[in-house]
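One chain is shown next in structure tokens, namely the form predicted on its own.
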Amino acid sequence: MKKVLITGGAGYIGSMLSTELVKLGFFVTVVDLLKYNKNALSHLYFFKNFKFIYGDARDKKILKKLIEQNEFIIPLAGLVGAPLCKKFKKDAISTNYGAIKSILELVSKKHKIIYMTTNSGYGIGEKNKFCDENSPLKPISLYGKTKCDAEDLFKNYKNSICFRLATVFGCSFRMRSDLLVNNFVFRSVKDKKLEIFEPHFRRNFIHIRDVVSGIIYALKNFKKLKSNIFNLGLSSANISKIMLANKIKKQNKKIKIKVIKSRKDPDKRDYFVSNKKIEKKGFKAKISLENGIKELLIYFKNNPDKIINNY
């Protein structure tokens, strides 16, 4: 039975990943402070191949012991997103960068790390060009910077795989409504309208279940993928904000879309991303934006007041 340690395993991605790994028979240990949802993992407490530890991913004492006991380490603990990192700068640096540095100081050659970074690092891409893994990293937020700095630490640790994640969407045991697709769908339900500024800004997206599938693929094909950085996104979901809004309107017909020209988007990211490198290695994201929008519409129509942000 493969032993997997997940820091931040009760989070948006972590709670879905932990659940799937327990189902598949991995022995999963999660370290989390349960800051956002106390019950995100309560459905797993029953299982013998699941262990929960209430603790901080920056605590070297906790980490040291747990790293020794596990073969795979998936560090997901972090302050995610530009607004949250801007609000808690010290915590952002000590968790997003410091906790990763600690892990790399504690591991030995037998350990295998799968690290989720972000394609936020691309910042503003060139107009008619896709960002690939060789494109320059020009993060424009503290969040992007801490993730890029942490990714940089893996250059000297060959037993690792880094995934630069596209913007994630879809439902989770620890839900978030501040992510772009989730947020647009939430607002379309709550306000019956979508107000968009800088509609031409481009982004790549991926469903949370495809992220989980990608990590499981990496666990099962570690040798084939190790010592590498991969973009992880849905190739057909390289679209602009206005294109996304129109996709939502197709399924939620009553909404009005209004483009506000006088307002600037504080999030200046604007890029399309190539996922060819991971696709050539045998993994391809499959869940469409349309399916994710359908799922989110049902979720928010039944929880119309549920704003679940990180900040």
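Please read all numbers here as calculations on a predicted model, not as lab measurements. From 1 onward, residues are counted along the sequence shown.
This protein has a second form, the form predicted in complex with a small molecule, left out of what is shown; the following refers to that one.
Using a 4.5 Å cutoff between non-hydrogen atoms, residue 121 does not count as a contact of the small molecule in the predicted bound form.
Although the partner is absent here, residue 56 sits close enough that one of its heavy atoms falls within 4.5 Å of the small molecule in the predicted bound form. The closest non-hydrogen atom of residue 36 lies within 4.5 Å of the small molecule in the predicted bound form. Taking the partner from the other structure, the small molecule in the predicted bound form has a heavy atom within 4.5 Å of a heavy atom of residue 166. For the candidate set 44, 285, 31, 278, a heavy atom within 4.5 Å of the small molecule in the predicted bound form is found for exactly one residue, namely 31. Not one of 242, 249 and 292 is positioned with any heavy atom within 4.5 Å of the small molecule in the predicted bound form. Stretch-level contact analysis of 72-80, 216-224, 104-112, 129-137 against the small molecule in the predicted bound form, using heavy atoms and a 4.5 Å limit, identifies 72-80.
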